[in-house]
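In the block that follows, a single chain appears as structure tokens, in the form predicted alone.
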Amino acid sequence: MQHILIIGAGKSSTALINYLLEHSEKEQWTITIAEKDLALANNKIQGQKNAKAVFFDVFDAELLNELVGASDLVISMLPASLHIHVARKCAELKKHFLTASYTTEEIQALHGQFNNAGKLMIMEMGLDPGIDHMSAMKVLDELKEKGYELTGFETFTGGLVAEESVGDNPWKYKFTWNPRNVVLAGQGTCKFIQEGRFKYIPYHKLFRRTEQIYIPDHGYFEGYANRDSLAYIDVYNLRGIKTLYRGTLRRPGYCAAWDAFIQLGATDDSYEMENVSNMTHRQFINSFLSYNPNDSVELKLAHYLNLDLDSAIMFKLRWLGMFEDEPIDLRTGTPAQILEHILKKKWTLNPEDKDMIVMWHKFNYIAEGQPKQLESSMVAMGDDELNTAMSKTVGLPLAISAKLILQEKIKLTGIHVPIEKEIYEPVLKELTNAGLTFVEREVEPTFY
């Protein structure tokens, strides 16, 4: 028997756990789900005989040592900052380790230990990062094998609410991933290359610099830049490329409205506000505006942001209840934490809601002296509030790669992201069989 340890049983772990449970009898696996919320973990297991749930605290060194020591392969669904604790223990005890989070210098420093132990750690094995790497590298490798010169690569991913679940929501958006990450998205400076020139977008301008992207059969989306596209030049072996841009997708109109929160200061996470326990939604907005006893909060905000009172952006803010005298119901919080709490009231998926994932790549290249452009896109739909598209696209790559490692079909050692053909080829093949399919089309090249 081989033993798999899954740490964390949150929303994005559902498809991961289901896949491993479904294959556990045939593959002769036993599965332990380690989770602070035992009821949540037991609900994911649903009484299956090859699995058990145990209480877990990553800072309990004795417990961590015991659980990792009893495992052949560990999958961490913890918050990204906590992976290092598990990674160090896996390196020490010579265990395979998988996560869906971005790699860090601290974790990369363990490469030698994993390599010397003959064990594999794969980081960034989820959706974005994860499926984006694998699907992009597949095409990039194919173009290079044909001898074509790659001149540009752009990639965008969005976790969205499905069109059928939008209802009266003018944002056409709900939280399908970590709400805190959504509220803090883009903070810092974005870096990318466009036509051979290094470009930078400061945070206060990020949501005003968007691209319009068309996905066949699904319409138009808007994309904003991710933080550091330049970090992927060497990951994808793209030294000398003229354009490299990574971004996030939303539906049209979202970015301009979100920018209102940024300009207001409502996404700031650097200080705690005062008297939060007595604050209402309306008072939260008013906290950032000048004092004027004669003008309404709505009028002051519209004037501050140079908006018409009946504009689409003001309508979106009203729909969220930002001007209501409704208690926030928090004792303390930064502006970003308070905003997140307010947004959850309207942006939390209902039981009947379905989410969707949209991923889009654009490859510009020269073939036989002629400029060419290839677009590749994937749209994945969720089934319900629990079996979400986000859970599928984050969890399935982890589950499939775990199976391949335990079957010794992936024999790499050390720390990797999924850009090697040995990893991406079999994983993408099984994802396609599971319905996560990319559609490619040649289009007329676009120029800047």
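Think of the rigid core as the biggest set of C-alphas that the two forms share within 1.5 Å after superposition. Worth saying up front: this structure is predicted, and the values here are computed from it rather than measured. Quick note: we count residues from 1 along the sequence shown, nothing fancier.
From this point on, the text means the form predicted together with a further copy of the same chain, which you will not see here.
**Q** So which of 97-105, 374-382, 286-294, 345-353 is the stretch with heavy atoms within 4.5 Å of a further copy of the same chain in the model of the complex?
**A** Selected stretch: 286-294.
**Q** Is G265 close enough to a further copy of the same chain in the model of the complex to count, meaning some heavy atom within 4.5 Å?
**A** Heavy-atom contact with a further copy of the same chain at 4.5 Å: present for G265.
**Q** Although a further copy of the same chain is absent from this view, report whether E145 comes within 4.5 Å of it in the model of the complex, heavy atoms only.
**A** Because no heavy atom of E145 falls inside 4.5 Å of a further copy of the same chain in the model of the complex, the answer is no.
**Q** Please determine whether E164 contacts a further copy of the same chain in the model of the complex, using a 4.5 Å cut-off between heavy atoms.
**A** Residue-level check for E164: no, no contact with a further copy of the same chain.
**Q** Even though a further copy of the same chain is not shown here, does S270 get within 4.5 Å of it in the model of the complex, heavy atoms only?
**A** The answer is yes: S270 has a heavy atom within 4.5 Å of a further copy of the same chain.
**Q** Would you mind picking the one in K205, H85, R318, H111 that has a heavy atom within 4.5 Å of a further copy of the same chain in the model of the complex?
**A** Spelling it out, the residue with a heavy atom inside the cut-off is K205.
**Q** Which pick from Y214, Y304, Y236, W177 sits with a heavy atom within 4.5 Å of a further copy of the same chain in the model of the complex?
**A** By the 4.5 Å heavy-atom cutoff, the listed residue in contact is Y304.
**Q** Can you list, in sequence order, the residues from 166-202 that come within 4.5 Å of a further copy of the same chain in the model of the complex, counting heavy atoms only?
**A** If the 4.5 Å heavy-atom criterion is applied to a further copy of the same chain in the model of the complex, 166-202 yields T189, K191, Q194, E195, R197, F198, K199, Y200, I201, P202.
**Q** So, does T103 move by 2 Å or more at the CA between the shown form and the other one, with the core held fixed?
**A** Comparing the forms between the shown form and the other one, which are aligned on their rigid core, T103 does not shift its C-alpha by 2 Å or more.
**Q** Take the rigid core as the frame of reference and indicate whether the C-alpha of V166 shifts by 2 Å or more between the shown form and the other one.
**A** No, shifts by less than 2 Å.
**Q** Taking the rigid core as reference, does the Cα of G265 move 2 Å or more between the shown form and the other one?
**A** Yes, the C-alpha moves 2 Å or more.
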